[in-house]
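Form predicted on its own, single chain, as structure tokens, below.
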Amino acid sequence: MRTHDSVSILIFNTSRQCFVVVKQFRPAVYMCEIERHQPQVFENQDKESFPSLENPLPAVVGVTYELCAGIVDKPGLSLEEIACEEVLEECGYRVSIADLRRITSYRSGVGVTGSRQTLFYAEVNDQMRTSGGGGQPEEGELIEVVEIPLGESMKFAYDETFPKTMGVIFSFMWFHNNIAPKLPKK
């Protein structure tokens, strides 16, 4: 299995004081929930056949909230260029490299892939929105753009009823420690 490094972008819309994240179906999350709720499906299965689901769970159990992100698979493009492309494709905002701030990089999927993810921060406004986003359906992407109001973001981060990646939680905490104190007081 070939692995790819990736980029992720914490997007903050200054016009509406909200974070822009994506919501999408993840087959691995769905199968994990099948295994959790219907372990018998995987019992006595040979490795060659895919288990049939007599009582499938609703697809929503495989949906997660994530930062805008993408794999690093375009030779010749910098991490920043790939991040800008992902923001446009997934969320519909046109950002430039100058709009990006590198936060950090870290290892993701350490138990499976050990790949490196580089996290960026970008501020956008309504005038920068050029499309509805949604990813590239021809590549199998079906992405919903979701806005999380700043005032509700930490409640969202810790609310386990919203399945989310650690990147969302970490980046919201980073924002509240590094950016929020500098915002104009209302």
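No experiment lies behind these values; they were computed from the predicted model shown. One-based numbering along the sequence shown.
This next part talks about the form predicted in complex with a small molecule, which is not shown.
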Practice task
Heavy atoms, 4.5 Å, the small molecule in the predicted complex: which of 135-143, 32-40, 154-162, 120-128 makes the cut? Say which one.
Solution key: 135-143
Completion exercise
the small molecule in the predicted complex has a heavy atom of only one listed residue within 4.5 Å, and of Ile71, Ile103, Leu88, Leu77 that residue is Ile71
Problem - Close approach of Gln24 to the small molecule in the predicted complex, 4.5 Å, heavy atom - result: yes
